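Single chain ahead, written as structure tokens, the form predicted on its own.
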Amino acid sequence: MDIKIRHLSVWYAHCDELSIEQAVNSDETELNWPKLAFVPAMQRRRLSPFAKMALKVANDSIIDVVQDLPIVFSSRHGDLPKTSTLLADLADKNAISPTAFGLSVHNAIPSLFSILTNNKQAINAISAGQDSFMMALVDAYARLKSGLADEILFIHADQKLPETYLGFQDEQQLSHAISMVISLPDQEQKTTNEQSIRFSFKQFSNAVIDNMPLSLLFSQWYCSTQQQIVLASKNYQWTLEKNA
């Protein structure tokens, strides 16, 4: 599968001061989340940290884009901190906030972004365990190959698991969001902010898997000079290569 990527935007906890390796499992209790000047103040006050980082990278990716783009959004857990708070309220027989519930569903953030940008294009929301990021790339590729879209806005976000769920983690935790504009490769001269890549996958049964979210490993690789990388989850092995 061949795709072209441009306008890649990455945000992660402590990204202004730490590398990804240093930031993993860092303290996020007093984190400075993105400010989102493009969002009206009344709306900003309702946004969770998960929403803020996803909206920040999405907006950065479309700065020079003049047309409305379909959106593919992926997240392994969605806004789990918000969801876990709602579940605790239910367990305590407290009233559930309609606003909090509405913003907790899996496609809430890309839908909110489409409202903020007056984008009426289609939205796909993907969740596929450890493979959420890569399976969303497959979904974006399929949509492009179908001819339903020439370009797609791809957004991925995952927040560090709430303390209640940390005992179930099977990969390192770091709040992060990634966004990019994806299209099929063409013969035009590449600009400095775009790169064509090829990726494939196969069933995987080896016991050795990556302990870092594949989304973070992808962003590290994409921004490096490394030509090829192999990523492994519990179920699949993903091979990615930059095209010359």
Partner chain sequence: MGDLKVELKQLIIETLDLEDIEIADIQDDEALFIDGLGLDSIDALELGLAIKKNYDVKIDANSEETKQHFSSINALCEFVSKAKV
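Values in this document were obtained by computation on a predicted structure and should not be read as measured data. Residue numbers count along the first chain shown, from 1.
Note that the form predicted together with its partner chain isn't included here; everything after this is about it.
Within 4.5 Å of some heavy atom of its partner chain in the predicted complex lies at least one heavy atom of residue 46.
With a 4.5 Å cutoff on heavy atoms, residue 41 counts as touching its partner chain in the predicted complex. Although the partner is absent here, residue 98 lies within 4.5 Å of its partner chain in the predicted complex, judged by heavy atoms. With the partner left out here, its partner chain still marks one of 90-98, 156-164, 73-81, 115-123 in the predicted complex; by a 4.5 Å heavy atom cut-off that stretch is 90-98.
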